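Let us start with two forms of the same protein chain, each given on its own as structure tokens and named structure 1 and structure 2.
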Structure 1
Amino acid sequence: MIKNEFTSYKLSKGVIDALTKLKYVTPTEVQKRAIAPALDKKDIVVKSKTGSGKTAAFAIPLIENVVWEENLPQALVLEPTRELAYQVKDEIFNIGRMKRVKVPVVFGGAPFQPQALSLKQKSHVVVGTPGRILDHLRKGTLQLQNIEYLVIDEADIMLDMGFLDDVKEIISYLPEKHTTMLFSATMPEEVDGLINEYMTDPVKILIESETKTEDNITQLGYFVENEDKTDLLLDILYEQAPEYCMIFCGTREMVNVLYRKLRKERIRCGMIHGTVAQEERLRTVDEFRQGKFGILIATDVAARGIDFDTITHVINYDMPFGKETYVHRIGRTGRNGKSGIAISLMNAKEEKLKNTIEEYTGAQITICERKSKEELKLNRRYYLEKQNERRPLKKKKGAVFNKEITKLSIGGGRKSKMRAVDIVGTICSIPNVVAEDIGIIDIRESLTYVEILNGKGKIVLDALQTKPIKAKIRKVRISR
């Protein structure tokens, strides 16, 4: 068996086991440099390219230092968008899976009350977007007095005008002494002042290289009049026949318009932007991640942080306003060592922006000539046929744990005063089953769910048919 190189850090067995299951066996550069100081609770500022593994760089030390017995949250992670909050919650949850770490996520556009309920239970790491976190703080449904770590992901945008006041207010709820960790792929100098205001002598981990963008992303561009853009976009899609592609537009309206146009061309696609209903947004991202369709049209709400591991193409249908956003957008491809293609559609006035971007990223955007319609005729047919081929759906990352985890439902819950200790007590009295084999316990009104780890679900299920919990034989079943 290959040795997991994360063992060279002071990490407990549960964390190493989870990392091994997730196939994280070699730390990335940013993880190599950030894990040790973060474990030591030093303030850190990290700048490292898109897709370089920043999430695990903070998730691993957070999880390692979580004290399971505590009930109030010990770490708070701020994210700029709901989808990103959800994704980062998953990553932290997966890494903390063997340690049974509870990671509630809160964001706007979703009902408040269920979030408040989950915060009321034991929670170790809370992930969320600033607005909704503040709502919970003001209503008293989130307690931050025990926070040891504050993580501000995508820090440059979080300390920018739109978010800054919220972030400042959130910080005012934190205990005086806490560790602050900032992460982003871009850190303009403007945020330096703020960094010094909120951090004490931070360890700066700046992983710089010649280019700001991944070298494995080929950057292309077209000069085109605005009215010809859609036509050109279709040509590009037919020519490139991208397997998984994100198309960025400047406004929500443009996303809507383009979505309708592509659908009319019988191109399978999905869209996300700020006024799509939240449930729909999460579902779309999920389905795109599973590979149910190959094109996602989006505003910059999806420009940052979102990790789709197989995006082959990013198309800037409208150019972004700033050079940083360009870096984040095209960073949705070329992740995890894979290669990618980024294509920008520009009008004559945007030549200056192109130069600014090139200077900033240190990479060239190669200008292409349009192909003739004649040349592309066959491509169109090929593309429309290819997109309808059935592809096997991709599994979720956390699915690796499911084989060894069985979720049981047990009759009895809050109404009958069921407590976690009752469940743990009984299950631990089963031969060959120990506390470490018990995962998350979720006590509902009149039902309790409990996860049994390490492939011991069947043993526990069988034993509980005749073993009383809280003096009664309960109805115990496998829950799907």
Structure 2
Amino acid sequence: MIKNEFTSYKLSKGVIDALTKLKYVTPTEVQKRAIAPALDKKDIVVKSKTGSGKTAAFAIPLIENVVWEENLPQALVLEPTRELAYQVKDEIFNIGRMKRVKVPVVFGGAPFQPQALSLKQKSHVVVGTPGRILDHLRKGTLQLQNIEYLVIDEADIMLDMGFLDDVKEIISYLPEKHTTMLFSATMPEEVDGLINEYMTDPVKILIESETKTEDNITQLGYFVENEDKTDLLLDILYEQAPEYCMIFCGTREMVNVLYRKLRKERIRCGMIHGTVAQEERLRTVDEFRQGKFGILIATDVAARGIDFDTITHVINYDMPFGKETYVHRIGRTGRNGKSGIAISLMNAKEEKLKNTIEEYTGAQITICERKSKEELKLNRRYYLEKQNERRPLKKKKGAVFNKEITKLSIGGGRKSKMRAVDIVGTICSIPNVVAEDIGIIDIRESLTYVEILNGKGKIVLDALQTKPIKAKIRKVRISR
């Protein structure tokens, strides 16, 4: 049996069990240096690249120090975008699964009232974007008097997007004594100002590498006139046959054009940019993460902070405006020791930018010669045939818990004045079932969802067919 090295932090059994199931057994560098001071409730500042394990570095201490019995939130996590908020919420939820930690997520563009109802229930860690967090604070639907941890994640992105005043106002709602953890890939002046004003003797964890990009990313480039770029892109796709690829465009309009062009060529792909409806963006990101299609076309703003661990190729269809953005883009490949390929399409005027990037990163962009249509004839046929094949879907991280956790739906919710205590009392009266076997309880308007842990789902399901809850036999079934 593989030893879980996280045990050295003296974490509770529930956290260690969840980490083991998620295959988190060896701490990354940022986790090694951040977890201990965070557990001791010291302010910390972390500068580290995206994909270095920052989310688990703050999620583990938050989950470990959560008091389950407390109803009001004990930790607040601020994220710059809705997609990132959802992604981080899932990570925290999975790590806290065995401790039954509730993690509501709130962001703009979604209905306010369902979020307010979710926050009204027991909430341990709240994740959200600054604007919507402020909406809930001003309307009194979010209470922060019991907050012990504030996490400002992707701080450079957040402040670059204009959230500085919102973050400061949110901090004004917090109790005077709390721990602040700030995570950022870069440290611009605005971030330094936030640290100096709101943090007390923070532990500074600065993780740098000799080069700005990973050594296992092969960086390639093509010089091409703008009118030939789409044709060249198709040739590159045929030659490389990428398994999972992100293509970056400079404008929303170009994302739309390229998406339509690839679809016309029968290439399965998705797109995200600022004017795509929020629900569609979340669905597209989720489907790409599951592997339903292999190409995601995006603008920098829409893709900010979104983390994928299986990207094989990054293509700069349009070159970024700055060297830092280039590093952020290509850093989505070559993760976890795997190799990756970054390809940039450039016109003659962008050679100076290429030189600037090479000087900044300490790595060379190798210029390639374009192959002929005849050379790519077989590649094209093979690639397009692959587009018609059903892709094997990847399991979500949380799916690993499904064997031991059964989610039940129970007829009756807020309308029938159902309370968590009613559910717990009834289930605990079933022989061989105790409170530790009960997971998350989510009471909706006319339905209640409850997770049964430790493989006892069938016992509880069978018993509740004849056992009344609040003096009434309820319709209970497995929720899919």
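Here the rigid core means the biggest group of C-alpha atoms that line up within 1.5 Å when the two forms are laid on top of each other. Numbering runs along the sequence of structure 1, starting at 1. These figures come from a predicted structure and were not determined experimentally.
Undergrad: With each form of the chain shown alone, which structure should be assigned as the form predicted in complex with ligand ADP?
TA: It is the first structure (the form predicted in complex with ligand ADP) rather than the second.
Undergrad: Is the C-alpha displacement of residue 115 equal to or greater than 2 Å between structures 1 and 2 once the rigid core has been superposed?
TA: No, because once the rigid core is superposed, the C-alpha of residue 115 moves less than 2 Å between structures 1 and 2.
Undergrad: Using a rigid core alignment, state whether the CA of residue 454 is displaced by 2 Å or more between structures 1 and 2.
TA: Shift of 2 Å or more: no.
Undergrad: If you line up the core, does residue 16 shift 2 angstroms or more at its C-alpha between structures 1 and 2?
TA: It does not reach a 2 Å shift.
Undergrad: Core superposed first, then measure: what is the displacement of the CA of residue 429 between structures 1 and 2, in Å?
TA: Rounded to one decimal, the shift is 3.0 Å.
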